[in-house]
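A single chain, nothing else alongside it, follows as structure tokens in the form predicted on its own.
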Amino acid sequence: MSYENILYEVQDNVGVITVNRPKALNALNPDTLHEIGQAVNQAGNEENVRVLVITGAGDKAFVAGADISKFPEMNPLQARQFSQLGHEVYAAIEALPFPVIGCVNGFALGGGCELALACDFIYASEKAQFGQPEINLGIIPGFGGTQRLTRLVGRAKAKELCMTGEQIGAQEAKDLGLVAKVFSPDALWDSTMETASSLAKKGRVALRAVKQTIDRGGDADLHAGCTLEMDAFSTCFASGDAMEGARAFLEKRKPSFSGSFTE
């Protein structure tokens, strides 16, 4: 499938989506959101893709936000449709059965910050900037920012960031739990791909179980969350990977995981 606003490729079982509008700081318009959604669906349907990395073209921006050029012409119905599109695409990212890494190389503002938040975890350049500046346009985050940000950094900090529109650097974002690791700009891509390649060699069933159990259990009470974990733990044993992992450990060799979601 060919795309106009993004790039999509697969490198050694790692899918890579690159938002490719560097002249517009990779701003998100409806066409770009649709293409991201199509690429996410493509990655999810390709048997050889075991990890997905999402990044932005150029060295200035991951995604600097939504394309606001059409905002002055939007009525409430059109605004709802635009917001719904973003929510649907980001929910599709979260629903992928394998890890998704946000590789944030510059500005991640507004819809760009929300795109990064939809990933399972974020690796960021020291030059990265995060923020939800929609308040300065007289609106609020529309692609999940008020919800995902709150779940990561807590209510008070999420309110502060969304109410002030303040931008924060990569280190502060890491201190808040928004970013997993921070790298120099020159090391970011290689470090991200190193982790992605490592994850691609792990058991697919177990990775899916980790992702689903944490996501579904995060908003449940402890008892319900632990029940989810017990169910997921036992389900892993339906895959040959559980036997392979134990045997490899006992035989002091690296495991070769080949389990599929259909077992």
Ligand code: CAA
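A residue's number is simply how far along the shown sequence it sits, counting from 1. Being a predicted model, the structure only gives us computed values, none of them experimental.
Not on display, but discussed next: the form predicted together with the ligand.
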Give a yes/no on whether Leu152 approaches the ligand to within 4.5 Å in the model of the complex, heavy atoms considered. no
With the cut-off set at 4.5 Å between non-hydrogen atoms, does Gln167 touch the ligand in the model of the complex? yes
At 4.5 Å between heavy atoms, is Ala118 in contact with the ligand in the model of the complex? no
Whether Ala57 contacts the ligand in the model of the complex should be assessed with a 4.5 Å heavy atom distance threshold; does it? no
State the residue from Asn45, Ser69, Ser198, Ser234 whose non-hydrogen atoms include one within 4.5 Å of the ligand in the model of the complex. Ser69
Residue stretch of 128-136, 172-180, 93-101, 189-197 approaching the ligand in the model of the complex, non-hydrogen atom distance within 4.5 Å: 128-136
Taking the ligand in the model of the complex, which residues along 22-37 bring a heavy atom to within 4.5 Å of it? Lys23, Ala24, Leu25, Ala27
